[in-house]
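First, one chain by itself: the form predicted alone, in structure tokens.
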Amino acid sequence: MSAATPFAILLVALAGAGLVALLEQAVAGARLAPAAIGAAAARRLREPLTLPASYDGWLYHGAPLLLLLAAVAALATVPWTPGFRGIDLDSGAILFAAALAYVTPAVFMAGWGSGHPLAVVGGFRFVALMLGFAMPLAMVITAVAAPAESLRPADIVAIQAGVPMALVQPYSLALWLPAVMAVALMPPFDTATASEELAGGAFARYTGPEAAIVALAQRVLVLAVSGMTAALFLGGWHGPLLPDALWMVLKTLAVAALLLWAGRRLPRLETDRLLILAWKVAIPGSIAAIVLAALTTLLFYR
């Protein structure tokens, strides 16, 4: 990793968050207006900070920063091109899951720290949800890493030069997408912030710069999970004719658009039904995915 890598990752985070915001406009059927996004961010930054009547200052003010750090750390493990692999570690795929694990305490800190009943409920909801979905997330990573015999994301991309993992392990992709939507606080898994039920939930009390940090972190989360999905399942930078980086960008934006589109159209489930989906479907399915991945590796990758 070169000295310029951290600055490159921050640039990708900021530019990618802007593209995700544009995708949100497109999916919502609104006219694309980059200037409107910038104006909305400027208005939010100018808002005064308001503090809840009863709150824990350390938790309340630390939550947005922890959420942003978790999102950027997860994004830093995404391999974009052969020459720009971010934090390129032998266990980079596990580091991605570990970084996303800090989203849970960040959301809980936001809800509990504000002291507002609906915010606290949102925090507890997210903890319950991620207890069920965190395990499938890690186990699916193990399954897609089996053919590459490596947990380095770049190695997993390299093994897909011929056939993307989405075709080899479609069942793993089916388990992966709901899990990453849940950890990225995307509908219909946004039980922590559901505006219809909790009026914003865990992050409802934030205003001004802290609200802007939360909004930025949520979009960086979408970018991170979309980029890793493109790397683990869609062959990453592999593709004909176009430059490597362009292929990776197009695949990442396609995944982000799919997740945002699905989030607006899938029906919202009650929290207990989501937990049933996690514990009775996703976790057993992930164990089966590891077994099937092992068989696939022995039959076709040896």
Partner chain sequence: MSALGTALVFWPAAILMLVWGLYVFRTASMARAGLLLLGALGLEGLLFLALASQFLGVLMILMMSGEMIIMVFFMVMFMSDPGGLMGMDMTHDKRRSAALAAAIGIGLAVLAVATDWPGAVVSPDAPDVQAIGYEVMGRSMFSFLFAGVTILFAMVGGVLLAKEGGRLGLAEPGDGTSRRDERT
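Positions refer to the first chain, counted from 1. Just so you know, these numbers come straight off a predicted model, no measurement behind them.
Heads up, the form predicted in complex with the partner chain isn't pictured, but that's what we're talking about next.
- With a 4.5 Å cutoff on heavy atoms, Pro105 counts as touching the partner chain in the model of the complex.
- Contact annotation for Ala174: none of its heavy atoms lies within 4.5 Å of the partner chain in the model of the complex.
- By the criterion of a heavy atom within 4.5 Å, Glu270 is excluded from the residues contacting the partner chain in the model of the complex.
- Residue contact check for Gly29: none of its heavy atoms lie within 4.5 Å of the partner chain in the model of the complex.
- Residues within 4.5 angstroms of the partner chain in the model of the complex, judged by any non-hydrogen atom, belong to 96-104 and to none of the other stretches in 96-104, 183-191, 218-226, 204-212.
- Three-residue candidate spot Ala245, Trp247 and Ala257; no residue lies within 4.5 angstroms of the partner chain in the model of the complex by any non-hydrogen atom.
- Between the partner chain and the residues Ala73, Ala154, Val127, Leu118, the one pair within 4.5 Å by heavy atoms in the model of the complex involves Val127.
- This chain lacks the partner; the member of Leu253, Leu68, Leu275, Leu59 within 4.5 angstroms of the partner chain in the model of the complex by a non-hydrogen atom is Leu59.
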